[in-house]
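First, one chain by itself: the form predicted alone, in structure tokens.
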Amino acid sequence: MVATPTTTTLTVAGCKTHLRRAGRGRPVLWLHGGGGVTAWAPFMDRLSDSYELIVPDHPGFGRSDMPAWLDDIEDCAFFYLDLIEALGLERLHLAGNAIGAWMAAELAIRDTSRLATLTLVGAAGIRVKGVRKADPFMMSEEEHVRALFHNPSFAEARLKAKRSEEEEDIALRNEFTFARLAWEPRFFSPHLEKWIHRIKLPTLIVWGEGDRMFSVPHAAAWHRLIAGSRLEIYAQCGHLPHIEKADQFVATFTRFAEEKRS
């Protein structure tokens, strides 16, 4: 049975923030990638069977406000520290994909006191010398969507989906904020890598073997930089393992989270 998430609005740091919530249990805060949250995805439904899943729209994305203070990913990290405090969350499983994973890592180098685990899925945020990244800002929408997946049927389904006028407006808004946060420098912070050693909590890194946005050497770099981290690479999978391999991702995440329960 598909869960029906509740939608609420919470004002944090002067930013009216749109939240989706479903399920019960230990809280999981999911930070979305640059495309925003288009729908309550199957992996979210399955996670909410065992956890209280909280999925906000980042500042400037979806139905959340565009605050005057939003300049970079680091601002989002501080914002989410405030949001976690405002929600009274403790022993939180923090997870995210792409720029959402980058935000999660930036948060974790600053304060892990309310976190139980960290999960990074196809994370942006670091540069690997000699390894090129794809550039969605230089792609057409179709090229970008096709680059996200190993299995072309996922891309076909996304490209065929009809969007309402409101959804078109949200997509443009997401694209604008995505560029604002990740345009320069492209998808990395020159300061993040030198502070990653401060992440001292159980960390799971999940990657698609066929990720064309951030290739597997980026996964290996994150694994090397975060002491004691666990790396899972999914075969026949692109940039969105939580979408393309939803059952495998939920099983991996649940096993990891339960092992680290204290």
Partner chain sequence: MKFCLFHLMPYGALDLSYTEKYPSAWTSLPNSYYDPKKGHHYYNRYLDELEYGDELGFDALCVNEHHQTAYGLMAMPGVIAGALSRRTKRARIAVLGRALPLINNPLMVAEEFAILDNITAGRLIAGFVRGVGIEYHTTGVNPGFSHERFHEAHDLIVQAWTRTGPFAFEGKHYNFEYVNLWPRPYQAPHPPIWIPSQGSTETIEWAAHPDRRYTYLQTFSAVDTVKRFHHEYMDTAARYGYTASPDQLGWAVPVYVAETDEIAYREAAPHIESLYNKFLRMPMPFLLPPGYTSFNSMKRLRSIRRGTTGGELPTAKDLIKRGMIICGSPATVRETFEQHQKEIGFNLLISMCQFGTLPADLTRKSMTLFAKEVMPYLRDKVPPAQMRSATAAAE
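Owing to the predicted nature of the structure, the values given are computational and were not obtained by experimental measurement. Numbering follows the first chain given and starts at 1.
In what follows, reference is made to the form predicted together with the partner chain, a form of this protein that is not presented.
For the chain shown here without its partner, which stretch in 138-146, 91-99, 77-85, 123-131 has non-hydrogen atoms within 4.5 angstroms of the partner chain in the predicted bound form?
-> Partner-contacting stretch among the options: 138-146.
Looking at the partner chain in the predicted bound form, is some heavy atom of each of Glu52, Asp247 and Ala251 within 4.5 Å of it?
-> Not a single listed residue reaches the partner chain in the predicted bound form, so no.
Using heavy atoms and a 4.5 Å limit, would one call Arg173 a contact residue for the partner chain in the predicted bound form?
-> Close contact exists here: in the predicted bound form, Arg173 approaches the partner chain to within 4.5 Å, heavy atoms only.
How about Arg180: is it within 4.5 Å of the partner chain in the predicted bound form, going by heavy atoms?
-> Yes.
So, in the predicted bound form, is Arg158 in contact with the partner chain at a 4.5 angstroms heavy atom limit?
-> It does not: once the partner chain is placed as it appears in the predicted bound form, Arg158 has no heavy atom within 4.5 Å of it.
Taking the shortest heavy atom distance, is Arg110 within 4.5 Å of the partner chain in the predicted bound form?
-> No, Arg110 stays farther than 4.5 Å from the partner chain in the predicted bound form.
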